[in-house]
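The structure tokens that follow cover one protein chain in two forms, given apart as structure 1 and structure 2.
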Structure 1
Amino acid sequence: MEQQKIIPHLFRTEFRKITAVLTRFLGIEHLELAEDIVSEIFVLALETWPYHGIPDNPSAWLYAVAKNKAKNQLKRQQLFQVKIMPDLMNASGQSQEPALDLSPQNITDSQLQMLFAICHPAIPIEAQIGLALRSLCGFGIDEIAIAFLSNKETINKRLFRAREKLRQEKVAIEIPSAAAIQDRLATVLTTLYLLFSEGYYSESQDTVLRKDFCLEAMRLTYSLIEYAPTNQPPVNALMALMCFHASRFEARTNEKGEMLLYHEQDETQWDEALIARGVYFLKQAAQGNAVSKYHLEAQIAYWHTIKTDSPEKWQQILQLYNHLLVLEYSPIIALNRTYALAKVKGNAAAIVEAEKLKLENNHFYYTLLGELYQSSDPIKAKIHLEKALALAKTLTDKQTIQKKLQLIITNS
């Protein structure tokens, strides 16, 4: 039982660390090899720990094995002769075998450098995100497929092509120049945003919330804030957004592990300290004139940390959604905007606007219509919610819709 819990956890947190350091050690052209080696290490752990017991310090055990494997790999590939020996010959003094440096500092540096290496302009953005999710965050191929609403084969092909591209382009594992950082940072932020969302809106069966993924996304984002050249307003805005969302981790599920909707949550369980951190990062983000989508989303998330409804709150949220839509269309933002509109102008006005959206393949669309019709026309509300139920894919979504349906049936 203990093993079953500890190994997946270690896999999540250590896979990306060892992969980053190992890839930097072997060169980006050996990214897949590095991942294979790390996978082998975990297989070895799975095979030996049940018999010998879990080591006192499982991470140290993994690092020790990683160091050995790295050394063997160098020898096996004769990279030792080609790449390392000349350096050693030149170096005066006694020769030393190169060792894998798995110190916390080197892990942090390697991950940051890997993040930028992967977010390279030569690689299609989807592939960048896939690679980052796989190599930097240790997501399984299955999980990446879910994140992209795709399948395993497609993701594997995409990752294969992306690694080929990294090889061809001879991408160096390093932080880009000051001039290049501007372009590259946008992709890095998209990746971190997606990583956080994957954790926050997880569809996984065993845990409703994959907090680890969110925390990793926050840790990586924070590493950009700690590094002066990337400590920029959009990065701080994204960090603020993550803090505000994460403040509701504990309040989002009940004791049975079921998802609670925003209005069902006990706000005394919201993490005040995280909200305060979010406000701090939002203030940092206010420097300069540029308004990114992260600024707007962070401000919307900020208003949601105030549970009490007020005309000002919803008016502000509506305006922020208006700006967000002008910046970038997405069906979810359009639906959220319409919800805010209902709060400001009433359900009748919002119904008129909602029906223009015509997002007829989207269960959130019908859920929204069901909600807007709830008091004025329960029969219509029921029809919409039934459509939503038929379209919903995840268990959490289905449960949420069923709750709303039940409410209408009991009230009428």
Structure 2
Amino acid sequence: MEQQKIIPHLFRTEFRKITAVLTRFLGIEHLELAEDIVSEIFVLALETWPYHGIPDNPSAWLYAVAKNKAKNQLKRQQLFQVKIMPDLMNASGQSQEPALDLSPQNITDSQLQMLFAICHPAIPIEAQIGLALRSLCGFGIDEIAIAFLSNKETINKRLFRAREKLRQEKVAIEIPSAAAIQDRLATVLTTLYLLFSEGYYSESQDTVLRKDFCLEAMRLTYSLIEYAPTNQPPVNALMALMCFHASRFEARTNEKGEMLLYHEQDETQWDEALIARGVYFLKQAAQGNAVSKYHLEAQIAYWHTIKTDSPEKWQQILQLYNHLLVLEYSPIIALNRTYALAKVKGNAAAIVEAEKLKLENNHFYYTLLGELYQSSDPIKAKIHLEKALALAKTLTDKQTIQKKLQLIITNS
């Protein structure tokens, strides 16, 4: 990997891991200090690697520097004697190196414990999710602002207050009791869902698919399944949903990295093994009587892996969207339902439903209307696609919309 690419890549994959371990090591009250230490590590990499070359094992280099900086920061903060030294004295009275464990298992354990610590009822749910996305998922402030349809200033204030509250409450970094797990699990799942969603479709970078985010979300979700108290139907449903979506990774973009819509994808590139795993987790999710949004979304995603365009398929998808809207209404879910409605009842019926939504700041809204009007009214289709182009944020989206516009112009 080229030098200018490896550090951003490592930041996306390692920042959250090292932050979780350091915070578990130092205590939740030093979350901001842990983030600062990790940021310093990457600054050091930026300053030294261009001159001395990339280390043979870049991740190991980051971990080694993390251990040294953790010890130095503890000394500077006058925490070394109070917090660390009593546990690090051997029989001869000599101090040892801080036992900062950066093994894969401890990284996973630390991330899960941090997730549950951050998802503490002492802070508002939106702040819990935002802090988890920032500290444990490596999201930038811009990405969190997009996820919450908010702005950077609001998000920064929210995260500051959340850190202060966790410090005041002296929240322990641990998997909580069975009763507390039930109170916090929904927020943990929301965080993992948003992490996967940001990877599956990113509006914050000019790349439609960020597999590292998706794979991290899947890894953490699976670790919940491996832990008996959190191996619950909604967790399995979320895992199934991720597997079904991940099965179409290779088919979602062309050789230029441009996004391919569902009907444009090469079905032979779908990953049958991941689809089978999704089916397995969906069956596991069927235990119990409760139905979550993840159950319904996973079933919708399952039907999208069926290689047919039959009326039965789209009727099933439409009914699932109807149930999902009753369970948890969202304008975006309503917009997605409109595509299934067009497949079942035709474009005219779908246009009526879509226009009721009035999502005038959403480029997907105008893109869909452009699609629906294309055969009946090319002029209206062109107007809607031009609005979509003006609102699109990523280069990939703009390219996709531009192609649709060019097709209408060519056929006119």
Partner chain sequence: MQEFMLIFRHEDGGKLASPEQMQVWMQMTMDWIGGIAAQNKLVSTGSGLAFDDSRVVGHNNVVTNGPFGDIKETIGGFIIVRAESTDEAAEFAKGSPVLLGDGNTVEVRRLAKPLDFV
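Predicted model only: the values in this text are computed from it and were never measured. Counting starts at 1 and follows the sequence of structure 1. Under this definition, the rigid core comprises the largest set of C-alpha atoms superposing within 1.5 Å between the forms.
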Practice problem: Could you point me to the form predicted alone, 1 or 2? | Solution: 2
Quiz item: So with the core overlaid, does the Cα of N362 end up 2 Å or more away between structures 1 and 2?
Solution: yes
Quiz item: Once you line up the core, how about L296: does its CA shift reach 2 Å between structures 1 and 2?
Solution: no
Practice problem: Could you let me know the angle, in degrees, that the smaller of the two rigid parts turns against the larger between structures 1 and 2? | Solution: 8
Self-check item: Following rigid core superposition, Cα shift of L405 between structures 1 and 2 in Å
Solution: 4.8
Quiz item: By how many angstrom does L335 shift at its CA between structures 1 and 2 when the core is held fixed?
Solution: 2.6
